[in-house]
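This document starts with two versions of one protein chain, written out as structure tokens and named structure 1 and structure 2.
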Structure 1
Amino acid sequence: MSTIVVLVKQVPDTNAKITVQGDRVDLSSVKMEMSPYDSFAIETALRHKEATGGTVTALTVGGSGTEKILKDAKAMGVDNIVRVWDDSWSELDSNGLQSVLKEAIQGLGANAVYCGKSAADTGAGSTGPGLAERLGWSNASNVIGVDFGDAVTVSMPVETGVAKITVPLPAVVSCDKGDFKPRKANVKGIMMAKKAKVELMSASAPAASVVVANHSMPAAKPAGKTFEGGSSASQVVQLLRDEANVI
């Protein structure tokens, strides 16, 4: 029997227009959703449970507004939904987040953790490997398929194709988009999710070692250049080499 935890994170809608107000990203009118790669982690965790038995708990770190994505995970089929938060926390850097997750996962008694390969808002990809390091567990990242047993055999892309590697449990596995589709919530799952109770856990977070000074939008791209006729060929080649750095 496996005690499985799947990590989920609330992020801005990937299609939303992001603006900066007062040196900070303004998310007041932006729709929030589950980070896309997390749905592949949920699907993989549920397949693990179906293969070996046990339970799947969806875990997030955040305020009460993040409970929606936990309900979404519940509708997909996870057994339990847990939120970790303390109102004294303002922002958690990666060190603080991974420390909080480690404490929560140990409290839940997990022996397998799945997460998305990276979050859509930061794209750092550090949570899975960093958490495994803190737990002293095995780790595999960018996984596109998993076979389950006493250990897990993961498939991951490498330069020469796809490698299959056996990873002993306990382990943290970061999931990429695989050759499967995450299951959709059915009506029964959605109704059960609405009634589901979110368990609130506490944890200790170290003082932040990274402080965000400000946010700013990237510089606007310069206007394109248009050339006509064969006489411009040498100039185009020069610009491709000296400005675009493509040749």
Structure 2
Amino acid sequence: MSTIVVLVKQVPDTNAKITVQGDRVDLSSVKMEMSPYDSFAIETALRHKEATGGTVTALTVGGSGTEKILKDAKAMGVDNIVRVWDDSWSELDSNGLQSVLKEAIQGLGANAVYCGKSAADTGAGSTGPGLAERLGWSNASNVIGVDFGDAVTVSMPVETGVAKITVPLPAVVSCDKGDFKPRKANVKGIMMAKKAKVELMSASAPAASVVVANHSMPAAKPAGKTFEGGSSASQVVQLLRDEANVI
């Protein structure tokens, strides 16, 4: 029996155009969704439960506007949905977020945590390994496949190929896109999700030591040079040597 937690984060639709108003990104007209790798984490967590028995709880740290992704997780088949928040938190840095997650996960008595390899907004990949360290657990990152037994066995890329690695529980596993598709919600799941209650939790967060100063658009690239016809390739090779200095 396993007590499994899967971490999900709400992020802007990855197809959306991002604009900056003043010195902050303006997300007011952007649709929000679950970060894409988190759906692979949910699929893996559900397979873990199916293999060993137990429960799966989807957990997000976010304000009241982030409950839709918990309902989406519920529709996919998780048992419980939890939102952790305190209105006094304005911006959590990674130390704050991981402290909060540690407290919540200990409160739930979990022994396996799945999360995305990186969130689509930060791209950081800090949460899985950082949380594992705080809990004193093992971890594996960029995982593309998992088998379940007394320990979980993960496949992940290493310098020379793909390694199969034994990860003893308790563990945090950060999921990449695997060779499988996350399951889709069915009608029954969607109906259950509508009625499901989001459990609220709080925790204590340390003061932030990293504060966002501003957002900006990336410097526009100077217009490139375009050539017609295959024979121009030799000119481009010369420019890569003389102008760009990269070969």
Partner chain sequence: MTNKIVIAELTKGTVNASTAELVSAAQAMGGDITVVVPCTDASMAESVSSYDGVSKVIAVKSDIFSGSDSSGWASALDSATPSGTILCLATARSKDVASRLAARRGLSIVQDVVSIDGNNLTSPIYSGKANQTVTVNSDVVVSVRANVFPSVGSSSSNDVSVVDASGDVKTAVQEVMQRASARLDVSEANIIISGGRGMGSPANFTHLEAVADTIGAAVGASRAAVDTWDEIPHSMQVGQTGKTVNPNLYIAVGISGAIQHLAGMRSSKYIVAINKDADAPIFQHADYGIVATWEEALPAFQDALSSLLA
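Think of the rigid core as the biggest set of C-alphas that the two forms share within 1.5 Å after superposition. This is a predicted model, so every value here is computed, not measured. One-based numbering along structure 1's sequence throughout.
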* To do: Quick one: identify the form predicted alone, either 1 or 2.
  => 1
* Is_shifted Asn15 between structure 1 and structure 2 (CA, 2 Å cut-off, rigid core) -> no
* Asked: Is there a C-alpha shift of 2 Å or more at Val25 between structure 1 and structure 2 once the rigid core is superposed?
  -> no
* Asked: C-alpha of Ala223: shift of 2 angstroms or more between structure 1 and structure 2, rigid core aligned?
  -> no
* To do: Determine, in Å, the CA shift of Ser234 between structure 1 and structure 2 after the rigid core is used for superposition.
  => 8.5
